[in-house]
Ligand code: SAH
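Quick heads-up: it's one chain on its own, the form predicted alone, in structure tokens.
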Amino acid sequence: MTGAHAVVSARGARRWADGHAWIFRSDIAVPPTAGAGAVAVRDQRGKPLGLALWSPQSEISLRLLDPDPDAVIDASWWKRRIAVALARRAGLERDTNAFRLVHGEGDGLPSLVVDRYDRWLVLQLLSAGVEAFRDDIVEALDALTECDGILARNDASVRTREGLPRVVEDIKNVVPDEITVIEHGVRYLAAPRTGQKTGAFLDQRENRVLIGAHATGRSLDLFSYHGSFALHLARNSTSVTAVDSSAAALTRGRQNAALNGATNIDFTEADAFEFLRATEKNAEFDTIVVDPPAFAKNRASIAGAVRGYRDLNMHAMRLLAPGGLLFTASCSYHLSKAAFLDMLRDAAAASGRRMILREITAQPLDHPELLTVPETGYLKGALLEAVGPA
């Protein structure tokens, strides 16, 4: 197609050769003259490099779709590639009715996110290039999943940088405002139109099961949001204190507790930092979860984020009973796994507690992290045990 090709610099070509999926605007020697969609990519010697999604206004201008320059990016291509992603999730439906079907670059489907909530799908098209294939993608999802409805949750801020409108709209039937998620026997309500991410934090599913299985005695869930961790803790704890600064989130948390008949959760509206400092001298807990929002939104905020994570974890460690367990996590992509563990070492030293590292966790099966595309991995967690008295 005339105009539907790009020429990239040696540095851009090398990124693809090294396994990354992105080429930035600064590495495009000759941009396509075509609009957003799929384009052929060549190096400056004319060698074909493959096919990519093209986003004219984005800093991430090209996203690798297929290294085969002769591939045809049509409805059949999307159906085949999405089918591979779905097959990767085989077996998850035995334990839950909500999980991610497509994780963008991690599944070779750049800037496309699809989450399943029971019989409905929530779709995010996060680049102008992938937006151009909306109809093909929806057709493939409909055929492969036979879902009851599809909601486009296209309100992410990244769409503004792509020159796209930010909207939430039904694109197949009407998706309910609330959907009951069943997760390893625990029930909670997802809010696909208004909730965080696409309606719930599906990436922490296995971590909730992990700490819930180990929970004992008095438990504390910080940044509880809708109580997903608290619900798992409640199954094996005598009591759970669920702390969040949002009254609306706690109201939903109480609804979720009622869904499970959990009467041992106390939902407390408070700032987590203030709660920890106020509680440190007069209480202790056998199990603690620290699951804060992303403190590091960009590279410039890393130093401040590390201080915040360190402070949180130091105070949480001091609240642990002897032999108590702490599950702590960070969803900040800009905080590396190594920096996360360094922060925990500093927090342990400052807390005065001896802490054993029991387990390091990462993203679950449905959120695949591609080693050559570090941006596909953001979640890291640790299960820690307090040794001896405080």
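Please read all numbers here as calculations on a predicted model, not as lab measurements. Numbers for residues come from their place in the sequence shown, where the first is 1.
Another form, the form predicted in complex with this ligand, is not on view; read the next lines as being about it.
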Practice problem: Can you check 216-224, 73-81, 258-266, 146-154 and let me know which stretch has heavy atoms within 4.5 Å of this ligand in the predicted bound form? | Solution: 216-224
Quiz item: Does Arg208 reach this ligand in the predicted bound form, with heavy atoms at most 4.5 Å apart?
Solution: yes
Quiz item: Is the gap between Phe201 and this ligand in the predicted bound form 4.5 Å or less for some heavy atom pair?
Solution: yes
Quiz item: Any of the heavy atoms of Pro293 lying within 4.5 Å of this ligand in the predicted bound form?
Solution: yes
Quiz item: Does Ser228 make contact with this ligand in the predicted bound form, using a 4.5 Å heavy atom cut-off?
Solution: yes
Quiz item: Of these, Asp142, Asp271, Glu93, Asp177, which has a heavy atom no more than 4.5 Å from this ligand in the predicted bound form?
Solution: Asp271
Quiz item: Just one of Asp244, Asp115, Asp107, Glu162 has a heavy atom within 4.5 Å of this ligand in the predicted bound form. Which one?
Solution: Asp244
